[in-house]
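Let's start with one chain on its own, the form predicted alone, as structure tokens.
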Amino acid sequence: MRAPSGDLVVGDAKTAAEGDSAEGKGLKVRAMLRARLGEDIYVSWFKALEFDSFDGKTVKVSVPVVFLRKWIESHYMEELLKCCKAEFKTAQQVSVSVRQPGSNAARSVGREVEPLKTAREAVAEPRAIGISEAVRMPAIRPVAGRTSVDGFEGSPLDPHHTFDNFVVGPANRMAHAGAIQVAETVLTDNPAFNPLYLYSSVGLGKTHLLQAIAWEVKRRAENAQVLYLTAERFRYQFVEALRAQDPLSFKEKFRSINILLIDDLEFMQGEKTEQEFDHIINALLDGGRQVVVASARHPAQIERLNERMRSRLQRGLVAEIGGFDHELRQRVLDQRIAEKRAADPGFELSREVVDILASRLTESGRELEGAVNRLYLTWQHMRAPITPDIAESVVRDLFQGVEPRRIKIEDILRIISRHFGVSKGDLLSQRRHRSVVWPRQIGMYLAKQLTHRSLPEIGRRFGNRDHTTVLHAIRKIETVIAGDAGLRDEIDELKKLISH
């Protein structure tokens, strides 16, 4: 059937039956593109292209995603127009649009597209899970929900945040080991570490480990009284109790608890909230109940904590999760890819693509997971291999947001501690022994050289010191460097280690 004004609508059975159909011309254009550009380029960029219509002047084609349209328009429009003119004799231009899922175009020009299943259908459909033994999936996956104690609802738990899919490496091995031991021993007569305090920058796995502990304890003992709360939810629940003039009921919620997990401690704000938090944590620890805390900062660097609470939080195990190295980033990507492949065995990313992502996305595990999610969605639309060009196109905005690594004072403290053999606690303490003071002064000097922090901020991050102390340290190191070539070399080496 001919469309108005002589249009030939590709994919219409009656039109296809007419002599030299638009469908037939579309197939010929495809063949020419394949021959002129080669199999790899054709499969990567034109396999998902569909011919929608021709109005005598414009050949209208469509693709499933925006980036594919932009790439064709910027790289292959001339070749596409040449091939179209060879078959559509009066064609003057080609219009590329993004088609809607389920449109007729998705079934045109000689290929069938399997409809994408909904998430519910995909879960319901039995599949053979082609996943390596190195990636252990839980026999029964936790269902999203919340912990609760005596009707006191905790914060949401992500069913993916289990020990089975936490990727372990040098940066997080101690934190992971501590979390495992707490989960395994919390209900025994010999608990491992109490409290357990985990800290790191954003997106490196603190929340994952806290929730993994919650899932594991509940798996081992279904009736265990487990409560996972963000600091914000703790504050909200407490404020609600104050408004109801019933703060005692809030305290009572914690009496029967076996383990309390507090996330994002640095956001515990409000004088009354902080006091209540202190009382509850002290009561739990005094009663032998397990406490696990996660924060972006070491306890010594959280100004709102009083000295007693700071001391108690450091009594058990304080474990830092550091930045991921290249190998760990690759393994995180492999894990996330394997999880996608468990639900959809056809999905894969080449080692070249994985290496590009691991090299360019260095800030956090969330970036890596987000990149895999984007590429998986792209693959679902295209059902074609994800080439390095496609990968860079899909996650280009993530790459553009990656600036040279911003050095943090935590990085400086870590390297100084390792280089001079002193603990970070000593560097942040009030100790005045030369074995501590000298490394501390070098650290302050490097903080001024390598970061944009002000003197008061540097002083605060080095154990709440006055800015004049920082200024004195900087001037002293500058004076010694001027006449000591050995120290200059040592400082240069430290800068390289910190910047690496």
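In this text, residue numbers run from 1 along the sequence as written. None of the values given here were measured: they were computed from a predicted structure.
One more form of this protein should be noted, the form predicted in complex with adenosine-5'-diphosphate (ADP), which is absent from this view; the next part is about it.
Remark: none of the three candidate residues (Ile180, Arg219 and Asn258) comes within 4.5 Å of adenosine-5'-diphosphate (ADP) in the predicted complex, counting heavy atoms only. The contact residue chosen from Leu227, Ala231, Leu204, Ile280 relative to adenosine-5'-diphosphate (ADP) in the predicted complex is Leu204, the criterion being a non-hydrogen atom within 4.5 angstroms. Contact with adenosine-5'-diphosphate (ADP) in the predicted complex, defined as a heavy atom within 4.5 Å, holds for exactly one of Arg312, His298, Arg235, Arg336, namely Arg336.
Listed stretches are 73-81, 358-366, 281-289, 247-255; the contact stretch with adenosine-5'-diphosphate (ADP) in the predicted complex is 358-366, by a heavy atom cutoff of 4.5 Å. Among heavy atoms of His208, some come within 4.5 Å of adenosine-5'-diphosphate (ADP) in the predicted complex. Proximity of Ser393 to adenosine-5'-diphosphate (ADP) in the predicted complex falls outside the 4.5 Å heavy atom cutoff.
Under a 4.5 angstroms non-hydrogen atom cutoff, adenosine-5'-diphosphate (ADP) in the predicted complex has Asn165 among its neighbouring residues.
adenosine-5'-diphosphate (ADP) is not shown here, and in the predicted complex it never comes within 4.5 Å of any heavy atom of Lys272.
Three angstroms is the minimum change: in the predicted complex, the CA atoms of Arg315 and Arg418 sit farther apart than in this structure, by 3 Å or more.
Cα-Cα spacing of Gly365 to Arg418 is reduced in the predicted complex versus the present form (difference of at least 3 Å).
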